[in-house]
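Coming up is one lone chain in structure tokens, specifically the form predicted on its own.
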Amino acid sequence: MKIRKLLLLVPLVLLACATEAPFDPLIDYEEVDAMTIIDAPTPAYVAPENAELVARGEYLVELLGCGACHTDGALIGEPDMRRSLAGSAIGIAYTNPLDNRNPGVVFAPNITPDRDTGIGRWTDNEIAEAVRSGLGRHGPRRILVMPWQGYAKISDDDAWAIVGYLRSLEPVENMVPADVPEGTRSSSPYVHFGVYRSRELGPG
């Protein structure tokens, strides 16, 4: 008799579990289709003697996908080509928003030669170092989420080609939002991406 009662209880417990809504850590997020391939903007003016260098730089900027982060709207699949390479008002979370409701967020900067909001006041060496080592203009701090490791071994010729191309662009005045430290609520939208490894599949 006791065994029969126990068997009757099992389906009831399973039914109760099935009706409970599962925890969804992505409830506050939606999937987007980022633009990863974007045409680089046409240079505003190129001196004949620099034509080959700038063309090489344009090719490299497209190949490296710079516009995917540095063009407003590209991170959500809606690039504003009037602001190509002029920075993004949509940020990138550099800490995990599933662990912290208010992750740290950075905004890809304006890399057109505008003097006030872009790289117009940067030296050629500073631009090349930002590309190859992820170093910002004012100190040794790495640029967060900048994939400089993939560009670290480009040749000097390629680095100067990128610099020459960026210098040749029409300056676009566009100030992006300030970076948001972890734990502070961002007033601007952002996306999150990353690579995760299962704890069960560690080395060994």
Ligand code: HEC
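Owing to the predicted nature of the structure, the values given are computational and were not obtained by experimental measurement. The numbering used is simple: start at 1 and walk along the sequence shown.
Missing here is the form predicted together with the named molecule; even so, the following discussion is about that form.
Chemist: Looking at the named molecule in the predicted complex, do all three of A74, A86 and G164 come within 4.5 Å of it through at least one heavy atom?
Modeler: No: none of A74, A86 and G164 comes within 4.5 Å of the named molecule in the predicted complex.
Chemist: Residue-level contact is defined here as any heavy atom of the residue lying within 4.5 Å of the named molecule in the predicted complex; does L64 satisfy this criterion?
Modeler: L64 belongs to the contact set for the named molecule.
Chemist: Taking any heavy atom pair closer than or equal to 4.5 Å as contact, tell me whether P109 reaches the named molecule in the predicted complex.
Modeler: So P109 counts as contacting the named molecule.
Chemist: Does Y151 reach the named molecule in the predicted complex, with heavy atoms at most 4.5 Å apart?
Modeler: Y151: yes, in contact with the named molecule in the predicted complex.
Chemist: Report yes if any heavy atom of L53 sits within 4.5 Å of a heavy atom of the named molecule in the predicted complex; otherwise report no.
Modeler: No - in the predicted complex, heavy atoms of L53 and the named molecule never come within 4.5 Å of each other.
Chemist: For a quick check, can you give me the residues of 80-104 that have a heavy atom within 4.5 Å of the named molecule in the predicted complex?
Modeler: Result: I92 alone.
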